[in-house]
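Next up: just one chain, as structure tokens, the form predicted on its own.
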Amino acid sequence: MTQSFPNHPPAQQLPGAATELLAPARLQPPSWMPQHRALRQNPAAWVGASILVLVVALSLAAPWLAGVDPLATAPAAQLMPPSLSHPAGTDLLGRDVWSRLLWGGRLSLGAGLFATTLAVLPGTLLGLVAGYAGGRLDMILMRVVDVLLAFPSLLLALTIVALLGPGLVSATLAVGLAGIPRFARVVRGGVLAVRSEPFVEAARVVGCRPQRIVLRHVAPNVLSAIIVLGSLELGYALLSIGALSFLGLGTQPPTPEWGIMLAEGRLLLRHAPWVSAFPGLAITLSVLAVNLLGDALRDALDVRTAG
């Protein structure tokens, strides 16, 4: 006598082994309760989130906290040390460093986030397609990725900026495009490790379309790798965009941005170290914060270890 299951129509009767694998095929990332608990218990998450929230909040509140125009010059007040009237001192042109630091944070953080997004989305898509499809498509995509990875990331970014011309937009696009091969390679490796798992095979047996298998069963299992690499990429993007601005290929004077502020203060380290110390500290704290928070999120969102 055949037992009927209400959730499966008779036309899709399956062998016993495939039926037992249906539960893993529906595996989803754990609920937010254990993840939230893991984040609360991780000191790195608190430190990283606190620093990042502080830096972002100060940058967003620049119109109210800056006090003065970041482009306003005052030759009579040049190279003044930090004081009550100028919390971070002034630069060679008498511009308020605190005001430029806050307004520059908007550009630096926004450009870093956009560059990271530009690297994550296409890179993840390429890695998922190459890893799951395999065969000739995988070979072609990975050979292109290998060629791009053969160039140092900063050199590749410099080449793109040289083609597009200097400017913050060009620097952001260059850093984002240079990060795509790293995501494609890492995600593709994660997909290769997951695509032969029993729950993926079960999804194929029950007739799931490849797009559904990739998005619902494969992608969640490489999410932790994407988060970790994404946090590292955001820190790398902040450093790279700052480096391009420092070299004169990114943000152009007099626009306030952390990288150009470092360049403007490099010749004043002995006489006015605050001109470059404050933007350098802002970059350091931002990169440290995203790395700490990314590592904590990786531990919390890992679908294989979260309970």
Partner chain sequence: MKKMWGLFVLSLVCVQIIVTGCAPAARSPSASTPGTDTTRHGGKLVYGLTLAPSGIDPHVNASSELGIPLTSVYDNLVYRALDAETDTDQQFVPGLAQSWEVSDDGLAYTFRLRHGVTFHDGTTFNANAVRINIERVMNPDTRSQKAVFLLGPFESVEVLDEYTVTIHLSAPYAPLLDGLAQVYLGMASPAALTEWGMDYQFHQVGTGPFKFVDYVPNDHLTLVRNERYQWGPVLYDHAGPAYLDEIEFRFFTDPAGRALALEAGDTDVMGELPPLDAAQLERDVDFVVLPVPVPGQSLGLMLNSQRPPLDDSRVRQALLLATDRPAIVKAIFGEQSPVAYGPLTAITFGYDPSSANSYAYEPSRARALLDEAGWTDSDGDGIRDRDGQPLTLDAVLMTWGSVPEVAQLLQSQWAEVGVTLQAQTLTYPAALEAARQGKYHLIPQNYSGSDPDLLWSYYHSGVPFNWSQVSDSHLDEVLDRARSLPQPDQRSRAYADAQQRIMELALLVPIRDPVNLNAASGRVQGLRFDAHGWFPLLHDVYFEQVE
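Quick caveat, the model's predicted, so the values are computed rather than measured. Numbering follows the first chain given and starts at 1.
Omitted from view is the form predicted in complex with the partner chain, to which the following refers.
**Prompt:** With the partner removed from view, which of 107 to 115, 207 to 215, 120 to 128, 78 to 86 is the stretch that lies within 4.5 Å of the partner chain in the predicted bound form, judged by heavy atom distances?
**Reply:** Result of the contact check: 78 to 86.
**Request:** Taking 4.5 Å between heavy atoms as the contact cutoff, choose which of 141, 92, 177, 219 touches the partner chain in the predicted bound form.
**Result:** Selected option: 92.
**Request:** State the residue from 68, 60, 54, 281 whose non-hydrogen atoms include one within 4.5 Å of the partner chain in the predicted bound form.
**Result:** Filtering the options by heavy-atom distance leaves 281.
**Request:** May I ask you to check whether residue 158 falls inside a 4.5 Å heavy atom distance of the partner chain in the predicted bound form?
**Result:** Output for residue 158 is yes: heavy atoms within 4.5 Å of the partner chain.
**Item:** Contact test in the predicted bound form: residue 257 vs the partner chain, heavy atoms, 4.5 Å
**Value:** Judged by the heavy-atom cut-off of 4.5 Å, residue 257 is well away from the partner chain in the predicted bound form.
**Message:** Test of understanding: in the predicted bound form, would residue 297 fall inside 4.5 Å of the partner chain by heavy atoms?
**Reply:** Contact check for residue 297: no, nothing within 4.5 Å of the partner chain in the predicted bound form.
**Message:** Given that the partner chain is not shown alongside this chain, does residue 50 nevertheless sit within 4.5 Å of it in the predicted bound form, heavy atom to heavy atom?
**Reply:** The answer is no: residue 50 has no heavy atom within 4.5 Å of the partner chain.
**Members of 230 to 253 lying within 4.5 angstroms of the partner chain, judged by heavy atom, in the predicted bound form** = Heavy-atom contacts to the partner chain in the predicted bound form: 247, 248, 249, 252, 253.
**Prompt:** Do residue 236 and residue 263 have their C-alpha atoms closer or farther apart in the predicted bound form than here, with the shift being 3 angstroms or more?
**Reply:** Compared with the shown chain, residue 236-residue 263 is closer in the predicted bound form.
**Asked** With a C-alpha distance change of 3 Å or more, do residue 263 and residue 233 lie closer or farther in the predicted bound form?
**Response** Compared with this form, residue 263 and residue 233 lie closer in the predicted bound form.
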